[in-house]
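In the form predicted alone, a lone chain appears below as structure tokens.
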């Protein structure tokens, strides 16, 4: 890839729709927050070159939870949000939606209000300093079960905030079915929140069918395994359901052995709305900017195709109409 194209991609306005706030904490910030809160981190959390240490999906979840465990105050959430938004803005990102997990906050004794107020402060400070617009998606955790998901959805419905634009679900995809969580999603949807859910990552296309047939979703987190089912691909395109694609994450978690095997181009060629995302950037050694650069280097996408991905992402975002219109004009 030429230096000119690299620079043009760096300057291209980018949109991120799929990152997990607790998964955006850089190792140095984990250490700083842990020290501030008087918490001892587990030995072996980091590698010798200062990355998170894990070698499989279970170990990744354990490292993720361990990093989250140091969070105790609204200030901690503010610092994570602000630092992440700053990093995104430095790579040309103009809009970012981030999943936040009330269950992770509750696990360390933090209230929903404290978590939210910290996130809001971080978003406001980042927009003031860098011009980036940040929004939040409240996420339930699949492996905690459908009943706890209803608690989270009701909490969301009872505590609306203009920066919270959606409801989603992450966690262990092999536990329960998407349909099991319909009560939670229906509460969020009835309260006016757009919905997305993780599917078609660890499990195959049947998990995406399960989601789009049973939940009020307009987006699917990951969804890349949809490429194994031509009928599903047609259905996604026809219904305008967007896929939040995270190639670097997929390789890190061995969903595919390498980028040459990744179906990004197949998804784009099927006419499915697609965004490029970092998921849990410091855990997977990636960033939003790196995903766009990879789009050119590894998938052969040109500048206009990458710009169109930003357009599709902005249109598929859960932002209000005025924000969408304003930022689509910035993308061009």
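These figures come from a predicted structure and were not determined experimentally. Positions refer to the first chain, counted from 1.
Keep in mind that the form predicted together with adenine is missing from the display, and what follows is about it.
When adenine is considered in the predicted complex, residue 201 lines it closely, a heavy atom lying within 4.5 Å. Adenine is not shown here, and in the predicted complex it never comes within 4.5 Å of any heavy atom of residue 248. Under a 4.5 angstroms non-hydrogen atom cutoff, adenine in the predicted complex lacks residue 291 among its neighbouring residues. Heavy atoms of residue 171 reach within 4.5 Å of adenine in the predicted complex, making it an interface residue. Per the 4.5 Å heavy atom criterion, adenine in the predicted complex is contacted by stretch 56-64, the sole one of 300-308, 56-64, 33-41, 259-267.
Residues 97, 135 and 316 are none of them found to lie within 4.5 Å of adenine in the predicted complex, as judged by heavy atom distances. In terms of contact with adenine in the predicted complex, the residue from 126, 195, 116, 253 that brings a heavy atom within 4.5 Å is 253. Heavy atoms closer than or equal to 4.5 Å to adenine in the predicted complex belong, across 265-292, to the residues 279, 280, ordered by sequence position.
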